[in-house]
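Just one chain is shown here, as structure tokens, and it is the form predicted alone.
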């Protein structure tokens, strides 16, 4: 193990040897954040290279307005199906964990099955995630439409990742030089879905060796002054992605401006249900109120962490009043949040 660590330290140092300026790289995947922290990979980076955690956890970037809408539904007696990670995310009206009658689920299909089995109960799937989960949500919606399941609808907070990459790439405060791109999103949108970025990027898998090799490729591109996307996860990511999944998303959803927690309103940054399926859009069906703007608790710096402005340890609440057992901000709530990753694997030694 020690020989492997030494070898990778030397490999990354050689890749960055011709780069004379500080390098800021960003991972935009919660699974990458956890893998990097769990394996202590940051310790192998050259002194002039930083790997920042970005907004790659869908639960962490779920908007306050979405949480409040789900709370509104629950208070109206609508059976609201939510993933467990959402229960502790703060909204302006509070947290979902304090509401009664929720249906806690592990997959979107569970909400659909509940609606089928309880035809007199209004059921809403409060849906979050990036393109892979949006594809599943579209398939669930397709089934509901085909069955004319009138008591089922979706409250969509699905996120469209690509516009956020463009926004982060142009942020002068973060001053990014490249992206470690998520393989799971790439499995849907394909390598071509990342084309046209203004910064170099490498689509990476999730084991430490693949991540390190991807970082090497990224540093070599930066050293050469190249700006392209390399697919380093071809076993899962095809050039043009999953056409079936993309067609399903396109059938039921359209890209629209939407709120990302910590980033504000992102043009084209959310997937909204198409108007022709308004009967299955909970926001329209129940005329839910929606307010923009963050509701971060006092002192919480999750917004700055999601943009890469701060490391989790630089938040004044980190490991003081904010822990995984008693999370304050969204980055500590989710198992894939940057703060949770930093907290759980602080003592990792290579």
Partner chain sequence: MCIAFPMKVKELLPDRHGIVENAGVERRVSLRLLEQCGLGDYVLVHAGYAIEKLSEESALENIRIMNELQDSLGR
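Given the structure is predicted, the values throughout are model-derived calculations rather than measurements. Residue numbers count along the first chain shown, from 1.
Another form exists, predicted together with its partner chain; not displayed. Remarks below refer to it.
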Distance check, residue 272 to its partner chain in the predicted complex, heavy atom within 4.5 Å: no
Does its partner chain get within 4.5 angstroms of any non-hydrogen atom of residue 48 in the predicted complex? no
Heavy atom to heavy atom, is residue 244 within 4.5 Å of its partner chain in the predicted complex? yes
Indicate whether residue 227 is a 4.5 Å heavy atom neighbour of its partner chain in the predicted complex. no
Can you tell me which of 104 to 112, 91 to 99, 170 to 178, 68 to 76 lies within 4.5 Å of its partner chain in the predicted complex, counting heavy atoms only? 104 to 112
Spell it out for me: taking its partner chain in the predicted complex, does every residue among 83, 140 and 187 have a heavy atom no farther than 4.5 Å from it? yes
Would you mind picking the one in 35, 317, 283, 64 that has a heavy atom within 4.5 Å of its partner chain in the predicted complex? 35
Just to be sure I understand the contacts: of 135, 222, 191, 263, which is the one whose heavy atoms reach within 4.5 angstroms of its partner chain in the predicted complex? 135
Contact set, 224 to 258 vs its partner chain in the predicted complex - heavy atom within 4.5 angstroms: 233, 235, 236, 242, 244, 245, 248
